[in-house]
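Here we start with a single chain on its own, the form predicted alone, put down as structure tokens.
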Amino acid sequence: MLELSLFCNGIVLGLVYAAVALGFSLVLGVSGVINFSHGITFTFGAYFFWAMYQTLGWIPAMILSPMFVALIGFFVERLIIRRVYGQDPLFGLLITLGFAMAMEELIRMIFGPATHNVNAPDFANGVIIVGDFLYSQYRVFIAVVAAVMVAAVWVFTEKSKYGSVVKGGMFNSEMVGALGHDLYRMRLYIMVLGSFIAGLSGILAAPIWSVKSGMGNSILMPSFLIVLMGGLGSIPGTLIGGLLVGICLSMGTLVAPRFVDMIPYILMGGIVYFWPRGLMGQQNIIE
């Protein structure tokens, strides 16, 4: 039963990784900026939620917190990222990394270095029993919400008119602009959407990972590697990459716990070696 429990934990973790990586991929594809502030938006989501949920309740805080994170994403795009469009991607990486480091230190100054605990909601604070197998209801709740986020973005990009424009912008944003679409506005909207997804993912992770200033670092690099593995602009590829990383990390704790942190890098190296564009990518993002 331990193996089954770890496998299920890997699926849950993979879905959260996929949701965060999806926001990372959208911003990278449309703007061409490697947004290393994506992890801190994950952290902001958890902290906003922790500050509000005991007063407002679980669901209201879960709805409001990602909106505040999306607002932060709005200002980050307008005041920071917009300045480096069309320049060397290294500039975007450095400026967003510097912003993330500054915000992490600001969180420590305001909330302190201590770890804060968040309780699971009452409606999911129990276990599911199937024969001899017991599993946390809250982890099932995380999986459902993360899967809905991924599915919603897929429906948006595949079935809506504006989503088609966004999808086109991920592969040739300058051509989209030349066709009369407001490229700056589209990049702004995608940054807000990516921040919202990261913030909501931070809320989902808070009761399991606890709330701490460095929690965004633990999800930033796996998310970036998942984008490389799945392929830029491919939602199915991002989902597959996220599940691969989540399941391998979870099962790796049983097989080789000392080397588990190396697993995402080994996976990424093997996949990119054989599929330079990622598993399902149409654009080579490592050239």
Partner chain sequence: MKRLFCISLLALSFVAFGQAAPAGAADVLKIGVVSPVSGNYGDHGALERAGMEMALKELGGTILGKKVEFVVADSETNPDTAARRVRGLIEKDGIKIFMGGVSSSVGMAIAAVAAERKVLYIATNGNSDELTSTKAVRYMFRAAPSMASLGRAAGTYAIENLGKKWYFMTHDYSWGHSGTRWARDVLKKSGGTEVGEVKFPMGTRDFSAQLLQVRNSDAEVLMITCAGFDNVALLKQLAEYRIHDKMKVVYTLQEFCDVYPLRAAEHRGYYATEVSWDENEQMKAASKKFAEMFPKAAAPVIDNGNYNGYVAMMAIAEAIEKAGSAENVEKLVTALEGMEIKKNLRDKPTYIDPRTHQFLSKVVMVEGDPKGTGTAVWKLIKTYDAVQFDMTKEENPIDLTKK
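Here, rigid core means the biggest group of C-alpha atoms that superpose within 1.5 Å across both forms. Because the structure is a prediction, the values reported are computed rather than measured. Numbering follows the first chain given and starts at 1.
Not on display, but discussed next: the form predicted in complex with the partner chain.
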Within 4.5 Å of the partner chain in the model of the complex - does that hold for a heavy atom of every one of 22, 52 and 182? no
Quick one: of 155, 130, 148, 127, which gets a non-hydrogen atom within 4.5 angstroms of the partner chain in the model of the complex? 127
Select from the listed residues 71, 188, 208, 143 the one whose heavy atoms reach within 4.5 Å of the partner chain in the model of the complex. 208
Could you confirm whether residue 163 comes within 4.5 Å of the partner chain in the model of the complex, counting heavy atoms only? no
Exercise: residue 135 in contact with the partner chain in the model of the complex, heavy atom 4.5 Å: yes
How about residue 56 - does it come within 4.5 Å of the partner chain in the model of the complex, if we only consider non-hydrogen atoms? no
Residue 254 within 4.5 Å of the partner chain in the model of the complex, heavy atoms: yes
Check each residue of 217 to 248 against the partner chain in the model of the complex and list those with a heavy atom within 4.5 Å, in sequence order. 218
Using a superposition on the rigid core, decide whether the Cα position of residue 264 changes by 2 angstroms or more between this form and the one not shown. no
